[in-house]
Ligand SMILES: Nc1ncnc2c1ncn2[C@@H]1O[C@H](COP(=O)(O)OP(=O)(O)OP(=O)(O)O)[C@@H](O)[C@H]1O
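Just the one chain here, laid out as structure tokens, in the form predicted on its own.
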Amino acid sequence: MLYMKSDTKSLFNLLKYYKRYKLLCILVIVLSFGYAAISLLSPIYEGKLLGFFENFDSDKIFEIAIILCGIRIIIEIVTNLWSRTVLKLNGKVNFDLKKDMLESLTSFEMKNFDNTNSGIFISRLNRDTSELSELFDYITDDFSGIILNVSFIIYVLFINLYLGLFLIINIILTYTLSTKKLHYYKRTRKIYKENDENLVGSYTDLVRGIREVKNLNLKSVFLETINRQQIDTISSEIKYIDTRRTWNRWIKSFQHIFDFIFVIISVYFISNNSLTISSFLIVFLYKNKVLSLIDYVSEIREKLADGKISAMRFFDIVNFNNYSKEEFGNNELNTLNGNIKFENVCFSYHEKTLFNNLGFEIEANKMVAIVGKSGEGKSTILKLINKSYEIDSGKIYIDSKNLKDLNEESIKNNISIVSQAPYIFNLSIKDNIRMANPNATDEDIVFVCKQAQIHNDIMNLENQYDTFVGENGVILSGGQKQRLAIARALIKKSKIILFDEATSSLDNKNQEKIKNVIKSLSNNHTIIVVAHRLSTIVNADKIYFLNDHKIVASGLHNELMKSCDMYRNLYEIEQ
């Protein structure tokens, strides 16, 4: 019951997207009513035409034929205008739906992406928004059909009251069967959509991770899992389609019986001179179209049922019903020195406490390293600084300003992060860098690439800076990706730059170069380096050593070699 209330409310929330285009909506409705009204004239004049054929009045036949031709041409014109208008409306609503979902997705806390397969978001962004944008199209189309057929029933009641009542009884009984059909259809359709969503997620994993799948020989594992999901998805799809078609066959069989009864009743009225043959023919010819009234009503109910599911899934993201949203303050940093302070910071991940009362300070324009064994939360500290994750309690200060009070621009523009596995977009090298600073000149791009020690590699490529790198920089080596990511961070001109294992894929020669670059950046930037290889941070101005999710030691490299046994042991093992 709660589910039904929730999805119905979501469907009503969809109306606000159509209210933005009131004139288009009104025009679609007017054209739909106009189509219904004009289309009703067609069977009326066809009945008259048949009547004149009985007496063979050629003048009247030609006159009615011309009128019928005009009516049908007008119907085509109105239908074309309706189609153009509704397509324009669909396009605008579809854009707005996708735009709002993208804005919500980009405002998610990172843990939402950590815990959810990206294919689920892609499926909702692509399929659900398209279905919702077409909903008004289907409903107005079917609604005009309903109006047309109701009008025809009234027309039949004037021709013969008993035939009209018979059609109404037929419609009521058929509608009852269609209601039963819808109950089973909704249930099987929902199962199919859930299975299909999970399958799209697996497809996404396979395509994006195809290199790892091949390198680790995971082909059979992935194919077995995906094939099992495909069987479940196809089976659920077959079941929901079969449910709908089977019920349709039963309903059609029921209608065939009523057709037989209709003929018997009509014969009785004709033999008693209470029904003309021409009236019988026109009612008989249009009777099945009138019964399509049930199809229109059923289709509206089916589309609304699908729309409720899609709307619930859409607003689940847009309204952050089951997902957490990034929260920012309203304060703006006009100038930034780059001082950072953690004060009694507590943070949990997956209900497991990672940090409890964590505290330390980082001075501006210094290079600070955070080291320790794997799993201590080194990278998490960087994500807390750039607000990818939200702390549970405590405070993080940037230049004595509480991080939670700063607006998004102040945080994201002034803090850059170079990750261990940076994502390189399927653009040219130049565009990959310029996207971080659209105002950057070609000279600026070359300058930062020289700083990041990747300029020579780029110049050796056939198209140099105009080279397209493929999905996630497929043509680049791991070290080249990291150096390109460093150049991208430098072009952004952020005051605080975070390096998360940013030299892990470099060979010793390039590692030494990048190490010197990072150190030189600390003249004008606050640099925080998370490193697994301690040799990359021996020249840091300060090193924090994490153990058991606490800072147990800090100081220069030489100081820690003397005062911290765990640090010294890690360094000696590495050497």
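Predicted model, so just to flag it, every value in this text is computed and none were measured. Heads up: residue numbers just count along the shown sequence, starting at 1.
One more form of this protein should be noted, the form predicted together with the ligand, which is absent from this view; the next part is about it.
In the predicted bound form, no residue of the candidate spot (S123, Y203 and E237) has a heavy atom lying within 4.5 Å of the ligand. This chain appears without its partner; in the predicted bound form, the one residue of H350, R245, K99, H256 with a heavy atom within 4.5 Å of the ligand is H350. Proximity to the ligand in the predicted bound form, taken as a non-hydrogen atom within 4.5 angstroms, holds for one residue of K373, R127, K404, R187, which is K373. Judged by heavy atoms within 4.5 Å of the ligand in the predicted bound form, the contact stretch among the candidates 155 to 163, 449 to 457, 376 to 384, 396 to 404 is 376 to 384. At a distance threshold of 4.5 angstroms between non-hydrogen atoms, E224 is out of contact with the ligand in the predicted bound form. The shortest heavy atom separation between Q420 and the ligand in the predicted bound form is within 4.5 Å. By the criterion of a heavy atom within 4.5 Å, Y138 is excluded from the residues contacting the ligand in the predicted bound form.
At a distance threshold of 4.5 angstroms between non-hydrogen atoms, F262 is out of contact with the ligand in the predicted bound form.
Residue Y389 is the sole member of 381 to 412 found to place a heavy atom within 4.5 Å of the ligand in the predicted bound form.
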